[in-house]
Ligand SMILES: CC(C)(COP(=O)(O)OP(=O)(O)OC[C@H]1O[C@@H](n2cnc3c(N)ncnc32)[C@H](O)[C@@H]1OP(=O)(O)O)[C@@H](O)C(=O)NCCC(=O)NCCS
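Presented below, as structure tokens, is a lone chain in the form predicted on its own.
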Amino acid sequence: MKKRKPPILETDRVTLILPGEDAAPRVLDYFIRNEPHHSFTLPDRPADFLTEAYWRKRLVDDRTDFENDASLRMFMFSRGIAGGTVIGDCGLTNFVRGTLQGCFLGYGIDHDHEGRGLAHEAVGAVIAYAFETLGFHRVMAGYLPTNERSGNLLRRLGFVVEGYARDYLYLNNGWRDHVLTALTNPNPKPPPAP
């Protein structure tokens, strides 16, 4: 089976890549800089999460997951500076094929880059890739009810609220409610034949 080449997605101001293990120091720096900013919205992490060794292995695993049609975890850089500072992350996980053709969306932005519309650009590009290239019919995303920025971003991108899940995910040492949203492909196609 031929390996799938990781995409490079560009918007007016952002470049998104699925980096190799050589990017581990930059990815680690992003998570260290944003630890207090992101801690409430992320699941418990392994003890070695904030180490370069963890990120070297994780970035290799992320490429393998993409090649195996399981997930796509990308990191965001200022456009044209893919070797520079990581300013955000955006990923599609838990790929489900068959009759659903769906995945889950997650994203984060560096605290120094909030409020500039960069997350909107990046997430929009990843969703377009999910629909046009990966062939998904449905992209799902949940957010904490208190995370108004995330809710506003998803609404601007066309996501529709489908429900409210109590104690949905275990984050920051407790079960947290989530607003459940989804966006369906504007050009739907039937799933591939089994």
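All residue numbers are counted from 1 along the displayed sequence. What you see is a predicted model, and the numbers here were worked out from it, not measured in a lab.
As for the form predicted together with the named molecule, it is not shown, yet the points below apply to it.
Enquirer: Quick check on Arg33: any heavy atom within 4.5 Å of the named molecule in the model of the complex?
Expert: Looking in the model of the complex, residue contacts with the named molecule do not include Arg33, since no heavy atom lies within 4.5 Å.
Enquirer: Residue-level contact is defined here as any heavy atom of the residue lying within 4.5 Å of the named molecule in the model of the complex; does Leu118 satisfy this criterion?
Expert: Yes, Leu118 is a contact residue.
Enquirer: Quick one: is Phe131 in contact with the named molecule in the model of the complex, heavy atoms, 4.5 Å cut-off?
Expert: Answer no; every heavy atom of Phe131 is more than 4.5 Å from the named molecule in the model of the complex.
Enquirer: Any chance Ile109 has a heavy atom within 4.5 Å of the named molecule in the model of the complex?
Expert: Close contact exists here: in the model of the complex, Ile109 approaches the named molecule to within 4.5 Å, heavy atoms only.
Enquirer: Please pick, from His38, Arg26, Lys57, Arg138, the one residue with any non-hydrogen atom lying within 4.5 angstroms of the named molecule in the model of the complex.
Expert: Of the candidates His38, Arg26, Lys57, Arg138, His38 is the one lying within 4.5 Å of the named molecule in the model of the complex.
Enquirer: The chain here is shown without the named molecule. Which stretch in 49-57, 146-154, 160-168, 63-71 comes within 4.5 angstroms of it in the model of the complex, by heavy atom distance?
Expert: Contact criterion met by 146-154 only.
Enquirer: Quick one: in the model of the complex, does every one of Lys5, Glu21 and Gly124 get a heavy atom within 4.5 Å of the named molecule?
Expert: No, the whole trio is out of contact, none within 4.5 Å by any heavy atom.
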